[in-house]
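Quick heads-up: it's one chain on its own, the form predicted alone, in C-alpha cells.
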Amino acid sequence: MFDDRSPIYLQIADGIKNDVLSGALKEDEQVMSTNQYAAFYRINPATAAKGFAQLVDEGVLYKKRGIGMFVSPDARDKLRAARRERFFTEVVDPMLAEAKRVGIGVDEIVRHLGGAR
C-alpha cells in the first residue's frame, strides 16, 4: 500500500480521502482507530495518528471522545471541490497552455474528448 514517494502519514491521509471520495467511507461512518490502522498495515501508531490528525485538521474526520473517529458529514463535498479545483489547476490549465503553444484549438480538444467516450 505504501511507497517511497511521500511520507507514510500523507499516504494514509490520501488513502482515506480517496475512500471518502469513492463512497467506500460514508458520512458519519466510523473509521479504524489509529492503533487498528497501525496494526493492520504494520506501521508505527504515531505515523497513523499523524495522518488522522491531518484529516481532522482538514475537516475530513471528526472525533467523538471515547468512541473514535468518524467521516465528517460534508467531507465528500469538500474533498470533491478541492480535487476539482486541483484538477483544473494541475491538469487542464497546463494542457490548454500546451495546446495553445502547438496550435491546437479548444474546439479540436473538445472533439477529441468527445471521441474518447
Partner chain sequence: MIELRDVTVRFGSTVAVDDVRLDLPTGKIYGLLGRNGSGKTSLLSALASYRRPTAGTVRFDGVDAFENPAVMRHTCFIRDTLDVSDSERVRAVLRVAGWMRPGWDADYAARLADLFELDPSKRVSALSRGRRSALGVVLGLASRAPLTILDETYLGMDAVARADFYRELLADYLAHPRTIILSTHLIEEVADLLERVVILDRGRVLLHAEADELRGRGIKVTGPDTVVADFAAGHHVLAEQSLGGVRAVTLDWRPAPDDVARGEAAGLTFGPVGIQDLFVHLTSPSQRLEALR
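These numbers come from a predicted model, not from an experiment. Positions refer to the first chain, counted from 1.
Keep in mind the form predicted together with the partner chain is missing from the figure; the text below concerns it.
Per the 4.5 Å heavy atom criterion, the partner chain in the model of the complex is contacted by stretch 41-49, the sole one of 54-62, 67-75, 23-31, 41-49. Though the partner is left out of this view, R101 does reach within 4.5 Å of the partner chain in the model of the complex, counting heavy atoms only. In the model of the complex, P7 approaches the partner chain with a heavy atom inside 4.5 Å.
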